[in-house]
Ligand SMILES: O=C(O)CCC(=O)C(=O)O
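There is one chain below, alone, in structure tokens, taken in the form predicted alone.
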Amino acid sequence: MSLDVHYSLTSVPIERVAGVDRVEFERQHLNGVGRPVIVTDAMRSWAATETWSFDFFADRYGEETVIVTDRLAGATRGRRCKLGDFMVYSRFPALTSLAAVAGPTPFYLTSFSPFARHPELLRDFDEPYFVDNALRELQGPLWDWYVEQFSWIFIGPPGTLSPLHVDLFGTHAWLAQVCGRKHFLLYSPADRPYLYGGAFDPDAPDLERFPLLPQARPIEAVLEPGEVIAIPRGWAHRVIALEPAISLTFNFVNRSNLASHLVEVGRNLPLWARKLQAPGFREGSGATWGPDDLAGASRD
């Protein structure tokens, strides 16, 4: 099964490049407002492109329990199930019991961050060669904390939805498409005054309710298997799977967004504190404080 794509008449396509120089990538696509880009040659040496599949995850990790929801953010329903059962649902939704309780938007596995538990999966890919990531310097338990808190494998059937959102804490992100295709619609931080907090339907916007929306200038593309999309900090994006899909994503920080990252951490101290409360961070850093200490500091 595959969904049709209907491009917006006001959008422009995302640039596709190969052989990217790391310094030029940061200068052209991450500095300032930045500009999303699709890199077509970043996964060519990855074992994951040959081995990761629905059967691969079902055979190796199928007995693990996962939580699936009807969207990446703002979920309205969710279920616990075996990962193996969800791999069947992702390809043949009607053949599983999840179909009976799913709503208009299919269930989506968005909280699967297995790398600390299964570090062997890290051998199946490399960070894209064009990415400079300061968080790669973390080691031991702190590295485990990073890959648990800021990396995910997204899996699901056609129609799975990540509503329009901005990634947390001023981070950049890269997403690698392993299986299936996904449609990306993105808006620059400069368009934020026209986006109404993402309350509109990008496919059928109500211009009476959202009269400023035509002033926004989205960019969009279909991400193909074997391609990586880089999304700079602050870019709002909506993602829909067009086919049964497996994606890998990491958020990252470098000199181009370190200042904005720290500002966002300060603005969202309670949320950040909950991430820092994770056992991996506390073990690795020897932290003796907790979220209540940060919350108190933010009131002083």
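One rule holds for the numbers: they count along the sequence shown, beginning at 1. Remember, it's a predicted structure, so these values are computed and weren't measured experimentally.
Omitted here: the form predicted in complex with the named molecule. The next part is about that form.
> Would residue 167 show up as a contact with the named molecule in the model of the complex if we use heavy atoms at 4.5 Å?
Yes.
> Taking any heavy atom pair closer than or equal to 4.5 Å as contact, tell me whether residue 237 reaches the named molecule in the model of the complex.
Taking the distances in the model of the complex, the answer for residue 237 is yes, it comes within 4.5 Å of the named molecule.
> I'd like to know if residue 149 sits close to the named molecule in the model of the complex, meaning any non-hydrogen atom pair within 4.5 angstroms.
Flag for residue 149 set to no.
> Quick one: does residue 162 come within 4.5 Å of the named molecule in the model of the complex, counting heavy atoms only?
Yes, residue 162 lies within 4.5 Å of the named molecule in the model of the complex.
> Looking at heavy atoms inside 4.5 Å, which stretch does the named molecule contact in the model of the complex, given the options 196-204, 132-140, 175-183, 212-220?
Among the listed stretches, the partner-contacting one is 175-183.
> Tell me whether 72, 108 and 249, taken together, all sit within 4.5 Å of the named molecule in the model of the complex, counting heavy atoms only.
Yes: 72, 108 and 249 each sit within 4.5 Å of the named molecule in the model of the complex.
> State the residue from 89, 187, 154, 145 whose non-hydrogen atoms include one within 4.5 Å of the named molecule in the model of the complex.
Contact check passes for 154.
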